[in-house]
Every structure is written in C-alpha cells, then in structure tokens.
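Below sits a lone chain in structure tokens, taken as the form predicted alone.
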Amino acid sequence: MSSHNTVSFSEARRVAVFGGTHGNEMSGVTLVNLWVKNGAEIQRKGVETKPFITNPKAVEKCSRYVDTDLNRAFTPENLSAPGGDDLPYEVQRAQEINRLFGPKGSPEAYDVIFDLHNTTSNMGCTLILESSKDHFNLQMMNYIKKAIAPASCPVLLNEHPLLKYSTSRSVAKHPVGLEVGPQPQGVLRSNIFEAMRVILKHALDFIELFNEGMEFPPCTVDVFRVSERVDYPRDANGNIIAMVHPNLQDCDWEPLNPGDPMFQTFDGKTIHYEGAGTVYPTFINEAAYYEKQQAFVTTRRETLVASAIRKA
C-alpha cells in the first residue's frame, strides 16, 4: 500500500491503566492494586506504564460511585468548573485526573489510557472504542483479537452523538475501555480476572512492538456500533413492569430479530422486539444500568478499515 495511506503516530511512551473508576468492579481494582505494589508485569521497554486507582473513596466503600458516576464526569463543564471542595467528589476527582493525565485534548495528554471495567452482563471480553477514526486503537484491537483467537473479543464502538459519554479514559489521546463479564458487583471471579489480565498483556505488547518500529499493514476490524438504548417497560409511575425475556437473557452479541421475545411481564406475557431489522443487543440486564433506565443497548454490525500505521 502506498505511503500516503500510512498513518504516522508518535511513540506511545506514557500509558496509564485505570482501575476502580467504578469502585465495585473488582477485577480492575485488584489488578491495579497488585501492579501499584509491583508493576513489573505491565512495564515494557521504552514505555512508562502507570497503574492508577481513579475513584479511591468508591473503592473503599465498594460502591459504583460516591456522589456521581465518575465515568460520565469528564465533560468540559465539569473539568473547568470552579468550586473546589463544594463540587461533587467525582467531579473533583475528574479535575485531578485531568491534571495528572491530561489535559484532555492537549498534546501533553497521556498517549494511551486503559480503563478496566466489569459488567454483570454476559459480554465476555469486550474492547470499547470511542472513535472509528482512531487507526492506532483499531490496529491495537486487531492485534489483540488475533492474539487471543479462537477466544472472541468483540469491539463495541460508541460514537453515537446522544449516547456516548465523557469517560475517564477520554483524557488520553487513545482511550481504550476494557469491559469483562459476567461478574457480580463486589465479587472477584478468577476466570474474569485472568481474561482481563491477558487482554492487557497483549495490548501492552502491541505498544512495545509499535514503539520499536514495527509497521502494521492495513486491516479490517469488525465492530458493534451503538445504535440505541432500550428501557424496561414501565407503568405511569415509572415502575418497571417487565423483565428481560429468558430467551434474551445472557445472549449479548447474538442477533435480535423483529418478532423475537424481548421482555416478559410479571404475569408472564411476552413483549416482542418490533424494530426495523436485526440488531445485536449488549449490556443486557446490566445491574448498574437500572438507575440509568436501560435494559440493554442495541448495536449494528459494521466492518471498519484501519489504515497502515507506523512510528513517526
């Protein structure tokens, strides 16, 4: 492929691994605490990898957050808000994280931030991509998918103008979300812990290879693009009146076709999916999303083309 189709990036010298953005998602909390004590496992030649607990008060309480969701707090308004101690705890943390790892959108920002999350949904190992134009991340995700094959590693692309949110990792030039489940909140499962650890190992290997001058040829990456958020059926007072249907429960990433069962009311009636065309639901029945009025998100499958990349 001719050189004008190759994208050059500076070496990724400064990398952070965030755990505890949600204080009850135990794989990231435990791994990061482990690496704070001894980070040999996450160091790579020519890369400074910093493990960091993002929401220590929530980790202490083993709750998702203290005042407000840290993983929605990195808005321009919050990051520039005056107020110091009067601000919600997570907004104060967002400002501090932005000072340490940003500023967001600036040349000084960290090159890559991996943000480690758990889900109660049956999503397996999921990589979360925030931009379809980030060829560095697309190449990294392709590398990880190949490295762990035949195990699967879906890529969730969230750049929906109304549904994307201001994540902790968005401070970096290349933000990478890692969502591994199913795992209950406040619980540590060994298989989920190890799966997360392996994904991160391959991601850091990719960065080392890139920094050493390896060129990555053009490739395609299959992604699931976030399409819409689906709430539970509710009564006039806003109370939930139906559950995720047993045929849909635990079927993250599997096709949901028009007419398929979607919810089951408490008296046993089935509510069918009436959308136009097949979608692929994920975050099905996620415990943390009851407060966000979300039963699942629908996605559509798409193939992205990543340009060849090399070190500038």
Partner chain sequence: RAKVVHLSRLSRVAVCGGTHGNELSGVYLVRELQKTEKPLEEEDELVSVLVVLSNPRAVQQCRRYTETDLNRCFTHATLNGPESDKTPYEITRSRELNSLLGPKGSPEAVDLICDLHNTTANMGLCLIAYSDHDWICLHIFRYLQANIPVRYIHFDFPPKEAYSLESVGKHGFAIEIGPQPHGVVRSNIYTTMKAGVQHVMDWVRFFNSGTIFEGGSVEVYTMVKNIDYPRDSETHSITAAIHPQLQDQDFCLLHPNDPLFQTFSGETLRYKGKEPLYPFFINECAYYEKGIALSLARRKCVKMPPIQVKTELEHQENEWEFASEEDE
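In this text, all values refer to a predicted model and were calculated from it rather than measured experimentally. Numbering follows the first chain given and starts at 1.
There is another form of the same protein, the form predicted in complex with the partner chain; it is not shown, and what comes next is about it.
Colleague: Between the options 42, 279, 244, 47, which residue brings a heavy atom to within 4.5 Å of the partner chain in the predicted complex?
Modeller: Partner contact (heavy atom, 4.5 Å) among the options: 244.
Colleague: If you check 193, 216, 101, 143 against the partner chain in the predicted complex, which one has a heavy atom within 4.5 Å?
Modeller: Looking at the other structure, the residue within range turns out to be 193.
Colleague: Which is the contacting stretch out of 152-160, 234-242, 201-209, 216-224, given heavy atoms within 4.5 Å of the partner chain in the predicted complex?
Modeller: Comparing against the partner chain in the predicted complex, the contact stretch is 234-242.
Colleague: Residue-level question: is residue 88 within 4.5 Å of the partner chain in the predicted complex, judged on heavy atoms?
Modeller: Residue 88 lies outside the contact set for the partner chain.
Colleague: Considering only heavy atoms, tell me if residue 184 and the partner chain come within 4.5 Å of each other in the predicted complex.
Modeller: Flag for residue 184 set to yes.
Colleague: So in the predicted complex, does any heavy atom of residue 272 sit within 4.5 Å of the partner chain?
Modeller: Although the partner chain is absent here, residue 272 would stay clear of it in the predicted complex, with no heavy atoms inside 4.5 Å.
Colleague: If we define contact as a non-hydrogen atom of the residue within 4.5 angstroms of the partner, is residue 189 a contact of the partner chain in the predicted complex?
Modeller: Yes, residue 189 lies within 4.5 Å of the partner chain in the predicted complex.
Colleague: Is every one of 11, 131 and 165 in contact with the partner chain in the predicted complex, taking contact as a heavy atom within 4.5 Å?
Modeller: Not a single listed residue reaches the partner chain in the predicted complex, so no.
Colleague: Looking at the partner chain in the predicted complex, which residues in 19-37 have at least one heavy atom within 4.5 Å of it?
Modeller: The stretch 19-37, when checked against the partner chain in the predicted complex, contributes 30, 34, 37 at the 4.5 Å heavy-atom cut-off.
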